[in-house]
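The chain below stands alone and is given as structure tokens, in the form predicted alone.
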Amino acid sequence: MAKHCDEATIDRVCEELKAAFGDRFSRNLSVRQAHSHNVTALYQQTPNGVVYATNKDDVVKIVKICAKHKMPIIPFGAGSSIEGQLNAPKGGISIDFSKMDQVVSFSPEDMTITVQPGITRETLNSWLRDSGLFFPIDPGADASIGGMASTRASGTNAVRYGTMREAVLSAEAVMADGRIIRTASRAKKSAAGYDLTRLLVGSEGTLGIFTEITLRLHPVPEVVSCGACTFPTVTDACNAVIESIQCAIPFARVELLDEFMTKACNAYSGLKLDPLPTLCVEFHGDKTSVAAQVSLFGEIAASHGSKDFKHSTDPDKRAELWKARHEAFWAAQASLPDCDVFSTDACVPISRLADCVGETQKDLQEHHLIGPMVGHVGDGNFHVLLGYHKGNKEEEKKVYEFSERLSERAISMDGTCTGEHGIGQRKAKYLRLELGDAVDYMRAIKKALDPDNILNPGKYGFEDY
């Protein structure tokens, strides 16, 4: 059972790691604090030490040392997790993967690439720039591929290209006993055995630690057109998206900004959009197909009250629009002076999107909360960024109560309490409400693969064995 190790055990583990890794192991407080939760409101729980791995053998050695002493292990990528996945509630050792950032192999003919987990998505796409291929999963932050696989990340391109669930073809991982396994071959399909790839992808470091990940790539589209249009209400914008998807428009991206968020992005990123609920859209394909997609979407948007759909194939305008979208969190923070921002998300079937968004807006108004909304609405996924004054217990309580109501609302609509942030610590309480007795089988899998509960303990609510 993972528990706080006594000081003698902590010192013994740290001495062994120091002997094995020298300057790549640190007990410095500032280093340890930088390797725990640091995005949005959650209490920071620091590890007892940090070790920088440079190859898979390092990871095996670290896991075996920690397993011998039943010391918790917390994998660390780029530090962008939101729901406390990086916290160390039982103490333990953080493994930093930033030095494991290389391409292992590349097969352009198969459109696959195998990478170490510390490489970030922007670095990967820079590496691929002259290949005619790209990696489409884009959660906004320059997250590590290992972290994205661990949290089953998605983002702005998921409506067309899927999530990390679809992007990861196979993986290599170190398990709790220090053995390395490969979950699958590079073949595009297989009927051999259990799907361990899908089991590990999204497990938030609780079942195994990635050392290599093989990804599906996609051809760079011939034509890319992007644009933005405003609507009288958020409900109108959502209904335009629902009808567009029902008409089989293959959006590459379709993102929602509510009125507050549009104003914030104008101020922070220099956009010049009308201060109304806005859809930012992008289409991929050849010249003819993109033109048809743009035309049909324009007609549908107009039928829901939009009067100003502007689009362009200019790469500079595209970069400006999506840079602003990715800066939405910081734009919201800048528009909420003296406030911290609490970020939460939910996802519902596309047919319930307008209902869920509308009820959520009503909830914010009734409880006098400021919560700009932004979302990957092509997937039925949206985020609420709530402003509150840190240390004000009454405001913090209202924010957490809102998050509970949002999670319950989404689940009641046959949706999920989290479309992409993950469960971590903060949303563990909703897992059983959403999945019922399936949680017992998840817990059984965790116990079978990690009997001493050393792999990222305290996440998913599986800390009680």
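Remember, predicted model here, so these are calculated numbers, not experimental data. The first residue of the shown sequence is 1; numbering continues from there.
A second form of this protein, the form predicted in complex with another copy of the chain, is not displayed here; the remarks below concern that form.
Partner-proximal stretch of 297 to 305, 148 to 156, 387 to 395, 310 to 318 relative to another copy of the chain in the predicted bound form, 4.5 angstroms, heavy atom:
That would be stretch 148 to 156.
Identify whether another copy of the chain in the predicted bound form is within 4.5 Å of every residue in the set V59, E122 and C339, based on non-hydrogen atoms.
Spot residues vs another copy of the chain: no contact at all.
Report the residue, out of R129, K362, R198, K99, that has at least one non-hydrogen atom within 4.5 angstroms of another copy of the chain in the predicted bound form.
Here the answer is residue option R198.
Consider the chain as shown here, without its partner, and state which of T344, S81, S94, S203 has a heavy atom within 4.5 Å of another copy of the chain in the predicted bound form.
None of the other options qualify; the answer is S203.
Contact flag, L435 vs another copy of the chain in the predicted bound form, heavy atom cut 4.5 Å
Yes - in the predicted bound form, heavy atoms of L435 and another copy of the chain come within 4.5 Å of each other.
At the 4.5 Å heavy atom threshold, is D286 in contact with another copy of the chain in the predicted bound form?
Yes - in the predicted bound form, heavy atoms of D286 and another copy of the chain come within 4.5 Å of each other.
Do H367 and another copy of the chain share at least one heavy atom pair within 4.5 Å in the predicted bound form?
Output for H367 is no: heavy atoms all beyond 4.5 Å of another copy of the chain.
Even though another copy of the chain is not shown here, does T230 get within 4.5 Å of it in the predicted bound form, heavy atoms only?
Answer no; every heavy atom of T230 is more than 4.5 Å from another copy of the chain in the predicted bound form.
Across 409 to 438, which residues bring a heavy atom to within 4.5 Å of another copy of the chain in the predicted bound form?
Residues within 4.5 Å: D414, G415, T416, T418, G419, E420, H421, G422, I423, L431, E434, L435, D437, A438.
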